[in-house]
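Below you will find one chain, with nothing else, as structure tokens; this is the form predicted on its own, and questions on how it binds or moves follow later.
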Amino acid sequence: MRRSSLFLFTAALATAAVAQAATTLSPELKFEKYILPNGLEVLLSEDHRLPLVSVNLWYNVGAGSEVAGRSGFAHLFEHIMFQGSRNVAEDTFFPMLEKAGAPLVNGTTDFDRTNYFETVPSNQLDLALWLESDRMGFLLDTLTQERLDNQRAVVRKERQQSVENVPYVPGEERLFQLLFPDPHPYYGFVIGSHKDLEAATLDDVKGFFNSYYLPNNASLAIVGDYDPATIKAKVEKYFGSIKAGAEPPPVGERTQPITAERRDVVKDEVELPRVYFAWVGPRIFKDGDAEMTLAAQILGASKVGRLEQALVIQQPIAQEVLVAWYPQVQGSILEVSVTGRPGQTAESLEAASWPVIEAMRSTPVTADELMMARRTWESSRLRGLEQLGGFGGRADVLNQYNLLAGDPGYLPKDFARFAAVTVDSLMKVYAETVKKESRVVVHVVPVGGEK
């Protein structure tokens, strides 16, 4: 079987290259992009090493597209889209793909996008394309009040199980609410609120679909073992007849800077206190995003991160420290969580954590810290690119770059921007972002009082 030159910086070289200086890394994904007359953007990337092909469809819609009083619509559609369409019987989407030998089928919703993906045996590519096209073009033919009510109930139960009844998660949701106050579309979690889900009418939901789930608001990536001589005809066959819609409503500027500290206390059924800190920072793929990605790694990396060293290993007063940078279109988030050991309080955790967090504003990051953080990002990206599909796989990355960076060939530019981060640039962006007056703090404490 012939091998593809798809991934020019091959997986076989990844381990060795990550051990070299960051400036030597310049991976590239080979692809072809074209646009159907109805506006659907298509990304093709061959890889004949395995008899598998990944179909990955991103819609440029997420919780960030929702309006006040109608939260959770994008996530609700993630469920509805698997329930059947004009030519696909109810509850047969997954069984059909499983019967065809698909090793991976899923869909996810975020603040800035909704994606659906399946990896199938090469001879089942037509099935995957047909299923995706049928629900893009003909979902509303079968969307009844009964189906809406059923899926709304499923989502509300999911909210109860994954948010309301999971220790500490209500505190994290409160954090998001304080970061992006209502009516900002990032308010709360992507899953939405019970009130908004219950208030949604069938006409509301159909209107949302007609506004966003359009070929001219989507990006289709096909990566793997397909026949280059027939692939475009297949895409045209399944997607070409779907009509374009009106341009989706513009999102507009809705993120305001935080100029005074915001804080709250959330009582929860937990044994140990936890403190959350968060800041709104540089947007995804914009200036400062790479610096904050690496700063989060330096602050929170397992075993070697500054917070874990100070609070888990040296003192120790915390049993867990997590630091994450969530890059987003309307404002990224630096989130820090510190869970205390028995005998600690939320106040003692905050008092011990804040000096370590603040110290990175003035205590220089070392060259070794920067190098390790950069290599961690690089190796994570490269590991993802070894996969055809799934989270961080090649199809997913092409779509992410296409919709959010405006360039499906952004991969070498992505590596270049991380290679360009210096100690000075990182310290500057961190100091501009992580300020006491712009922070949000949430204490999660036991219902019966701190122990």
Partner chain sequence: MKRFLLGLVVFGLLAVPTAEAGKKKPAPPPVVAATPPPPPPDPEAWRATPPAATPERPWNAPVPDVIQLSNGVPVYFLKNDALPLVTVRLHMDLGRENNPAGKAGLGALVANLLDEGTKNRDASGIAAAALGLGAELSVTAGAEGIDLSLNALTGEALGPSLDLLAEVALAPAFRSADFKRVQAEVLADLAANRSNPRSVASEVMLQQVFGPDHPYGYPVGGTTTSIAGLKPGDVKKYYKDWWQAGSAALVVVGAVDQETIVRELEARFGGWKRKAIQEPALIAPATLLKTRVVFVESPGSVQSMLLVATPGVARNAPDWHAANVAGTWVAGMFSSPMNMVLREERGWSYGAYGGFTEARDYGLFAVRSSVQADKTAPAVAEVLRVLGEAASKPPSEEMLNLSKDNLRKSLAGSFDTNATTAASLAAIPTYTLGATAWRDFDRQVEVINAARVASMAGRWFRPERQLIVVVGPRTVKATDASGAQIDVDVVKELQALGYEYVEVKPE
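Numbering follows the first chain given and starts at 1. Quick caveat: nothing in here was measured; it's all calculated off a predicted structure.
Heads up, the form predicted together with its partner chain isn't pictured, but that's what we're talking about next.
Given that the partner is absent here, state which listed stretch (300-308, 210-218, 246-254, 349-357) has heavy atoms within 4.5 Å of its partner chain in the model of the complex.
Only one stretch passes the 4.5 Å heavy-atom test: 300-308.
Using heavy atoms only and a 4.5 Å cut-off, determine which of Thr339, Gln83, Gln177, Ser193 is in contact with its partner chain in the model of the complex.
None of the others qualify; the residue that does is Gln83.
Here the chain is shown alone; which of Ile258, Val312, Val266, Leu140 has a heavy atom within 4.5 Å of its partner chain in the model of the complex?
Of the candidates Ile258, Val312, Val266, Leu140, Val312 is the one lying within 4.5 Å of its partner chain in the model of the complex.
Decide whether His184 counts as a contact residue for its partner chain in the model of the complex under a heavy atom distance cut-off of 4.5 Å.
No, His184 sits far enough from its partner chain in the model of the complex that none of its heavy atoms falls within 4.5 Å.
Any non-hydrogen atom of Val154 within 4.5 angstroms of its partner chain in the model of the complex
Yes, Val154 is a contact residue.
Given that the partner is absent here, does Leu50 sit within 4.5 Å of its partner chain in the model of the complex, heavy atoms only?
Residue-level check for Leu50: yes, a contact with its partner chain.
Taking 4.5 angstroms as the cut-off for heavy atoms, does Ser425 touch its partner chain in the model of the complex?
Flag for Ser425 set to no.
Suppose contact means any heavy atom within 4.5 Å; which members of 323-342 contact its partner chain in the model of the complex?
In sequence order, Val323, Ala324, Trp325, Tyr326, Pro327, Glu335, Arg341 come within 4.5 Å of the partner.
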